[in-house]
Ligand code: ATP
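Heads up, the chain below is alone and in the form predicted alone; it's given as structure tokens.
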């Protein structure tokens, strides 16, 4: 900014860095707006590395001390024909013209050392009031770029702000415009909104909007859950579970979708028994996240967490060990300490404290098993297939059957996980089969 000023141009920090500064938060990145034309910016920063991918829209990215600074000429946007980007831009000389094309008042402020904070649209007041409000007419702003709908919900969730009435009305009205936005961009905004501190409130207030992104959510809205652990709609349970989980994408997504298959078991408004709802929900979640172009690794993690979120633990230590063996030690701990805890915390108050206390015991078991290196899978046995074959056992599929039987015996405490004890137990298995 100083270099631009010293060469006769005006330059301002704009957008999110100004908003974050005024909210007492660290800026994630910095954008500069200037009346210098792109060619002038390139000349002024000829000694710096620059990136010109956005030059047709007036943006030159200047790399300063390894940090990219998007430096953009004041501009007006032309017509938007794809609900995402302007077909053309025209450069202008006034900062006010540049700022009024922006999405929300809290993002439409500028700053320079000489002039301080420049706020034409009441952004500072909206920060103080905790409001997300469009600059100008909301219908126009969302018609220009429909992704702004998701950005509004993300800001409301992350900062705990309310959406101003006129802006909120326009979001509900224009929600179908989201169908014009790429799945990748929708996913990035969705995940940030889900990880916000006010995610549950925003999900509930704008549930119709989220149903445009994930149509499978809509049947959950008025689907009433019956049973000793529930006296609420499925949607109420899902968003409460989101609120109870740590703000990590895989956890919040898992809690949003963990029971989504339950609506497939309804009859006359009542839930039928659905013992496989976890597996069904995992499959539905996988399809949803694949459609949103989520990373494959995250999809697999969410599906695993959902698939085992309701794993029966009535076998005490043995059931915890088996869970660890099936999903891995760390995933088992995550299911017990986060997924299952959030699920129970989102249920009825009656009996909840007891259920949480029991869960804590299982969680402590899991932590103890991890720290002590307890055997929970075949790889943890003190013998392997080669040991069995060298001791006279017939190879092939039979070896796998014996190893699994040994693992069950170790988990249940029927045999010590020591080579001689295991070989002796395997011999007994062999003799029984022969008999």
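This is a predicted model, so every value here is computed, not measured. Positions refer to the first chain, counted from 1.
Form predicted in complex with the named molecule: not shown, discussed below.
- In the predicted bound form, none of the heavy atoms of residue 49 sits within 4.5 Å of a heavy atom of the named molecule.
- In the predicted bound form, the named molecule sits within 4.5 Å of a heavy atom belonging to residue 155.
- Proximity of residue 19 to the named molecule in the predicted bound form falls within the 4.5 Å heavy atom cutoff.
- Residue contact check for residue 258: none of its heavy atoms lie within 4.5 Å of the named molecule in the predicted bound form.
- With respect to the named molecule in the predicted bound form, the three residues 139, 173 and 204 uniformly fall beyond 4.5 angstroms at the level of their nearest heavy atom.
- Residues with any non-hydrogen atom within 4.5 angstroms of the named molecule in the predicted bound form fall in just one of 145-153, 344-352, 89-97, 196-204: 145-153.
- Contact annotation: of the candidates 386, 394, 29, 39, the single residue with a non-hydrogen atom within 4.5 angstroms of the named molecule in the predicted bound form is 29.
- The contact residue chosen from 329, 102, 237, 309 relative to the named molecule in the predicted bound form is 102, the criterion being a non-hydrogen atom within 4.5 angstroms.
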